[in-house]
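Below, in structure tokens: the form predicted on its own, a single chain.
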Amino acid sequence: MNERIKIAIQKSGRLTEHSTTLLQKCGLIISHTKDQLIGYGENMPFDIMFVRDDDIPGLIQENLCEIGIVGANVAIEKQLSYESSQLPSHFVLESSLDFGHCKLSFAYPETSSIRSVNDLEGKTIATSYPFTVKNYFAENQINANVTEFSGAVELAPSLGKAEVICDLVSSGNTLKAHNLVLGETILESVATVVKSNSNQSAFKKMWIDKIIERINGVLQVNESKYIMMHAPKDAINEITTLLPGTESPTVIPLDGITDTVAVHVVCKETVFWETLEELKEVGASSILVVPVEKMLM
């Protein structure tokens, strides 16, 4: 029987489409219909498991899945819960992705005198991330009470459950609707590739390493551009300085011209019009910027 590697991703939500698109950019052809909870990799030995995001770290912890794509906030909370129970964590956070941005922040009632973490000594904080918040308090030597509150955490102060909340924030509109003031952020989170660190067969390890290398390659090219231009030989160092995130450029002689060369460079950061104008000022011409589709480092 051929071995298959299982990748767990969010069943439905803001990470789902981004996660499947990422895997497709890695060359994986997924056979999947809307109501199926398992997608089949047609050209690689991967099965995609569509599950609740809260379940993803646990599936990898138990080695039921080898890879997951989940918010770092979920993975870190689960790791801290294992540490609290003195259990070893069997997964690692491998690669931070460029989607699923959110932050875990305190929020204080508008009518309260509490306005910073310095005011939290002896107070009660409601959160869906109790282990992350407790860890923050331990690191900052704050003696506060943490109560777990699932669901609409914003209601906790008005229900008398807590004096402060710590919850995920995106736009902040939900906080305003509940008369809460945004406080300090304790965790900046993005979607993250989580990988099992349990022993795997040589076959599985090879394919796990391959897909993670491809994921990293996709991340490399998201903002990367391939830039070609003609430039004076004596301006190459200045041109390299002007282009953000570049490595050593490729310099190619031009037939019949001695003082001008063709310069090719991969730029790993966004290239703005102002950058191109600065290149022109130091003598560059015929500047062409094209997107990079794939990159392996």
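From 1 onward, residues are counted along the sequence shown. On a predicted model such as this, the values are computed, not experimentally measured, just so you know.
This protein has a second form, the form predicted in complex with a small molecule, left out of what is shown; the following refers to that one.
In the predicted bound form, the residue from I208, L168, I186, L219 that sits within 4.5 Å of the small molecule by heavy atoms: Checking each option against the small molecule in the predicted bound form, the one that comes within 4.5 Å is L168.
Option touching the small molecule, based on a heavy atom within 4.5 Å in the predicted bound form, out of V74, L180, I227, A126: After the contact test, the surviving option is V74.
Close approach of Q10 to the small molecule in the predicted bound form, 4.5 Å, heavy atom: The answer is yes: Q10 has a heavy atom within 4.5 Å of the small molecule.
Partner proximity in the predicted bound form: D54 to the small molecule, non-hydrogen atom cutoff 4.5 Å: So D54 counts as contacting the small molecule.
Any non-hydrogen atom of H101 within 4.5 angstroms of the small molecule in the predicted bound form: Taking the distances in the predicted bound form, the answer for H101 is yes, it comes within 4.5 Å of the small molecule.
Non-hydrogen atom contact L15 with the small molecule in the predicted bound form at 4.5 angstroms: L15: contacts the small molecule in the predicted bound form.
Stretch in contact in the predicted bound form with the small molecule, which is absent here, among 111-119, 93-101, 134-142, 219-227 (heavy atoms within 4.5 Å): Careful reading of the contacts points to 93-101.
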